[in-house]
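The chain below stands alone, shown as structure tokens; this is the form predicted on its own.
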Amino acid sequence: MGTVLPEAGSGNSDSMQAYSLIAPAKINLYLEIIGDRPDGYHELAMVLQSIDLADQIDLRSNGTDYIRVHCDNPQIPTDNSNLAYKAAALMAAQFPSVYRKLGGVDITIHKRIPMGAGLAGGSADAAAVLVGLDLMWKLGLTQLELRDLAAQLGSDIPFCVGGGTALATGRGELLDPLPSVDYLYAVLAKHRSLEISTPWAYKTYRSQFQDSYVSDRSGLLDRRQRVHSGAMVSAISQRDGGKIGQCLYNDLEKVVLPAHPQIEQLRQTLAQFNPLGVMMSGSGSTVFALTESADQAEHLRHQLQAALPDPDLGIWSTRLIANGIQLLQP
């Protein structure tokens, strides 16, 4: 922060820098709802995993005082409700002197991650803006500092900064890295017209299963620890793809699948082709199946297309990856 930064619009090339970043989506290999938190969120235990399905975020100084968001998908809001906008506004508020000197920024989102899919597309975009502005403004923030800022915006955003494979506890912001599972592949399937509200999913789960919640502090810590030493983390440590597939788990399936038969049908159809495992990601509406190779993923994708020839159904084959936000080299 000791760097002398140029005045906005002064003509110095530093003030007009542009960066392009890759913002990977995530899937949940494990999602357990443990209980309620005093802040109103749920206490969670999750295994989060980055995949190479990704948005591209372009950042460019615009020589004004404004944060402006552009997107090639007209369904994405470009006002101050967009998480990418909120990320830039947070950085401007946290580093006002730098913002005053360098001015506003244009954020262009090239959208590849489907919306309302349980894949953290908006969170990944916000994480990319935090990382990109750290570079553009030469702040020199550590990944931990970036994650602390990200936690102010949303529960998935701290993970999206560094990505890879991680155990997430608390409301999702407490992260412990796990060994990479970038040797596995996945097929994702989502009805484009079907979006699931994350608040609805958690609220519905609470209304149906609150009697199973752990409320005391020691109970919460014990359940967290059980996940740390549980079957999924063990399978990841052993690099056992078959066991990872068997250990896929998501509490939110209990409320989302009964309410949305299309998602249940997707899940059952994918399971018929005997992948390593099948699961809904996050609050849905994406279902994914794990495979051991890219060829198996492509074969599975074609099998699903043939079994469910629905023009509304989006199907993607992807690889599990060991990183989060990456700078796109020119």
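Quick note: we count residues from 1 along the sequence shown, nothing fancier. Values in this document were obtained by computation on a predicted structure and should not be read as measured data.
Note that the form predicted in complex with a small molecule isn't included here; everything after this is about it.
Peer 1: Counting any non-hydrogen atom inside 4.5 Å, which residue from Arg301, Arg267, Arg68, His42 sits next to the small molecule in the predicted complex?
Peer 2: The option sitting close enough to the partner is His42.
Peer 1: Please pick, from Thr108, Gln143, Thr204, Thr198, the one residue with any non-hydrogen atom lying within 4.5 angstroms of the small molecule in the predicted complex.
Peer 2: If I apply the 4.5 Å criterion carefully, the residue I get is Thr198.
Peer 1: Only one of 293 to 301, 34 to 42, 52 to 60, 267 to 275 gets a heavy atom within 4.5 Å of the small molecule in the predicted complex; which is it?
Peer 2: It is the stretch 34 to 42.
Peer 1: So, Arg192 and the small molecule: in the predicted complex, are they within 4.5 Å at any heavy atom pair?
Peer 2: It does not: once the small molecule is placed as it appears in the predicted complex, Arg192 has no heavy atom within 4.5 Å of it.
Peer 1: Any of the heavy atoms of Arg224 lying within 4.5 Å of the small molecule in the predicted complex?
Peer 2: No.
Peer 1: Mark Gly164 yes when one of its heavy atoms lies within 4.5 Å of a heavy atom of the small molecule in the predicted complex, and no otherwise.
Peer 2: Contact check for Gly164: no, nothing within 4.5 Å of the small molecule in the predicted complex.
Peer 1: In the predicted complex, is there a heavy atom of the small molecule that lies within 4.5 Å of any heavy atom of Gly154, even though the partner is absent here?
Peer 2: Gly154: yes, in contact with the small molecule in the predicted complex.
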